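In the form predicted on its own, a lone chain appears below as structure tokens.
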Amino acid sequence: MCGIIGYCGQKAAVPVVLEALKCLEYRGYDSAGVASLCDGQLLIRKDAGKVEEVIQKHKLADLPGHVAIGHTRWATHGGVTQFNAHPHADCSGRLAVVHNGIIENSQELRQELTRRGHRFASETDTEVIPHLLEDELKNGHSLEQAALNTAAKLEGSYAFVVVSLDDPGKIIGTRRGNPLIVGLNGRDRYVSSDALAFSQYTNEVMGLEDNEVVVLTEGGAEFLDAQGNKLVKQARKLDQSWAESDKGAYQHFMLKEIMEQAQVLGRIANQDKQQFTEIALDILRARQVIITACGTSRYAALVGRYLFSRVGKKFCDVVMASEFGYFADSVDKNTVVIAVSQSGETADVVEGVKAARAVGAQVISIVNRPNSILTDLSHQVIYLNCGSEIAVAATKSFLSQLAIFYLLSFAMVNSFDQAAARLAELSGEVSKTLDWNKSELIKLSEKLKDKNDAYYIARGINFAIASEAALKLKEISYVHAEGMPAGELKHGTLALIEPGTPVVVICPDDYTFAETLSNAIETKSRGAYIIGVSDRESEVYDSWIKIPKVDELLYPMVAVVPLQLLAYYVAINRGCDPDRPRNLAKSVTVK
């Protein structure tokens, strides 16, 4: 789950690469580094730490050259150390590699390379790549052929980019299972994990398919298939509104993205009615429907399952993507698989979709990022249209996923227009919710900042919101938090309630109100501190997060927003960085 970038062209390369790394830091931020080619030298500078820290410590901006690669890391193999940071070099120090993914046969390759006399400087799986390339170059192959031959020896998923003193005007990139995007602008060439890294310079992008190689020089970009045959690629336009990545006046991206959600709903409501109608019919006709997703997206899927059942009268199941393979025997050509992923590159989701396609299933994806692996694998794609989301913890993409499921469910009963109108109106209610609660949430976060446990409960359509709100708190403030259906409290969790334990009760004035409030009273009798999220006040609540009265199917969208903001303020009060929580990255491209 790392970010890689390469640039060659007329500009000073390292400043371009450093700006790109700042955009890519959502993919990993425990170490960073660059490699630049200049005047017969390969200059590598890297260290543990966030990108800006490494830039300042090693004065990276001063490195010369018009060809450079860079990397920001989320550690998988090997600890967070300077030696394990990328780029990695071969024994001769004449070539450098940056890599995203996991080389599953790295131990066997390392042992073989060590027997042949290669010396390793890190604990990473990545380091086998430059040594394999070194041998290929010694055998007389060009840099691009060396990359093709090396890739054929690797098992697992990867995207890697290489530069070499033996071919100093060239950058080679290849991928399998992980994204790699090429950008062109005049005589400037870019290659990265994410087009966001170079979106300020160009909107002309081209993607690589599995096992393809790109050869970048100042003179152009050449694409090769796995056998080394030349390919013709058509450039696609990058949506610049999606690529925007400025915090504006906000302290953190997460706060900005929370506050954007009202206007996001207005954009989401403006979807292609015909596309939704066609997809809805496919869902209704399918013998079985499976939604697969991870993390936050899975909680959106649970709300989607409820909406499909309640509105469209269509039962479906939600399977977490990491477990999807264990259910693959029941998937066939009569199955519709709905894959939900903000990034479109979540490894477990992508692997499940590939398996489903192999047996003839129809794949529909709900994705935010264009030009992603998942979109290329899908028969139909619904875009969230919520713009770039930089903070690791998902907020506006979650609300957007809920809205998409809402539109799909009503499209099943030929009421798409009605649903779209309701979503457009809901944007005002979301704004109202934020305005009502900001001061209360700041005060509440002060009370909660020293708590080490919190519980979130709800019933019906809102129970997934309890789980998602708990996830937000644990992700960014490192508080143990658990979300569950309120009726499950008595089956174990009630034993954990002590005086002062925060219990967040999502309790709108709908068909779940009385029973959920009763569960809240059970916890209060054990000393819990009750935080009510409701459009109806109650003396049971020790703190009240007020939400507006809306249709019962829309409560998840107004209830989750203030709970996202609460998690943000708790993180701030605990001294945590909400944009970059420890041990986590935005795009989970490894299993």
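Keep in mind it's a predicted model, so treat the numbers as computed, not measured. All residue numbers refer to positions in the sequence shown, first residue = 1.
What comes next is about the form predicted in complex with a small molecule, which does not appear here.
Listed residue that, although the small molecule is not shown, lies within 4.5 Å of it in the predicted bound form (heavy atoms), from Ser477, Ser409, Thr124, Gln342 = Among Ser477, Ser409, Thr124, Gln342, a heavy atom within 4.5 Å of the small molecule in the predicted bound form occurs only for Gln342.
Heavy atom within 4.5 Å of the small molecule in the predicted bound form - residue from Ile102, Val392, Ala221, Leu143 | The option sitting close enough to the partner is Val392.
Would Thr296 sit within 4.5 Å of the small molecule in the predicted bound form, counting heavy atoms only?
-> Yes - in the predicted bound form, heavy atoms of Thr296 and the small molecule come within 4.5 Å of each other.
Is Lys472 close enough to the small molecule in the predicted bound form to count, meaning some heavy atom within 4.5 Å?
-> Yes.
Just to confirm, Thr72 within 4.5 Å of the small molecule in the predicted bound form by heavy atoms?
-> No - in the predicted bound form, heavy atoms of Thr72 and the small molecule never come within 4.5 Å of each other.
Counting only non-hydrogen atoms, which stretch in 334-342, 150-158, 130-138, 511-519 is within 4.5 Å of the small molecule in the predicted bound form?
-> Stretch 334-342 is the one.
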